[in-house]
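Just the one chain here, laid out as structure tokens, in the form predicted on its own.
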């Protein structure tokens, strides 16, 4: 009998360990530091991938905002839409009172809404905007993010001003045209498409002639951007007069490539711009290796997401007690800000 009891005890202990292990792996990184308090309403959250430069700062802001307010069950979807759908199922099963979803693929929004709607659970999408019809189809679905075109317009204005001020030095072949390469984010992503279009259109609207030497996706990724830039530097060399990147991660990747090729020392220089104003990019601006960036306010995107999700989890109006406003598309829009060396403190303050 003692032997059977020992085996039973070991079996129970193993089962507990396995259950604990499954819980941790399902949530990617495990529940955030703000959670663990069963008395707080549970908010189930997913981020398309934790190691994205910008989203890592949104995640920190969410964790900070959630402390003492909600039990934030935060998941890393590892850029895998099937995994994210499984995580949503698990979060619902764990009793999430609302969901905060940073989509891997915006096309999957309807699937997630259908799952939430079946259980009458509110959904706050953030950073990657679902189709308008998805939000309109469920009275408890909302979005927190930006106006995608705004970042492109501001980036174009930044480039135009910098080009006009430095044309004598930067127009290497003196043909009056701005020859550029462009590092694009994820194809089909609303921000990538809008930034690409509106940045170039805005430059043209300022009366500046442009010529695209190359454009390719680097999927928001610094390493992929370095690889693309290596190939472009090899092919075009000093014909490149401007590097336009849809985000700072890719801008930093481009800078790493350019540094290997001897740029940013002596007179060898090419201007680089990005979007996000992450701290690493601000450092490059201070060092003179980046001309500027556009602040994509991670702190307020994270805060607004948690504010709305917390209210939803408590059965309140999503805007109750907050500073946020919804537009006619059921979205909270966090504004972008142009950042150069002249106002770099604005960028730094966004991460305090």
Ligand code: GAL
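Numbering follows the first chain given and starts at 1. Quantities reported herein were computed from a predicted structural model and do not represent experimental measurements.
Absent from the display: the form predicted together with the named molecule. The rest refers to it.
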Counting ligand atoms of the named molecule within 2.4 Å of any backbone or C-beta atom, after superposition from its pose in the predicted bound form, shows the site to be open
Picking from 98, 155, 127, 84, the single residue whose non-hydrogen atoms come within 4.5 angstroms of the named molecule in the predicted bound form is 127
Students should find that, of 191, 241, 150, 76, the residue having a non-hydrogen atom no more than 4.5 angstroms from the named molecule in the predicted bound form is 191
Interface membership of residue 63, the named molecule in the predicted bound form, 4.5 Å heavy atom rule: no
Exercise. In the predicted bound form, does residue 296 have a heavy atom within 4.5 Å of the named molecule?
Worked result: yes
message: With a cut-off of 4.5 Å between heavy atoms, is residue 304 one of the residues that contacts the named molecule in the predicted bound form?
response: no
- [ ] Answer for residue 142 alone: is it within 4.5 Å of the named molecule in the predicted bound form, judged on heavy atom distances?
- [x] no
Testing 65 to 73, 46 to 54, 308 to 316, 283 to 291 against the named molecule in the predicted bound form with a 4.5 Å heavy atom criterion leaves exactly one stretch, namely 46 to 54
Near the named molecule in the predicted bound form, with a heavy atom at 4.5 Å or closer, the residues from 272 to 292 are 276
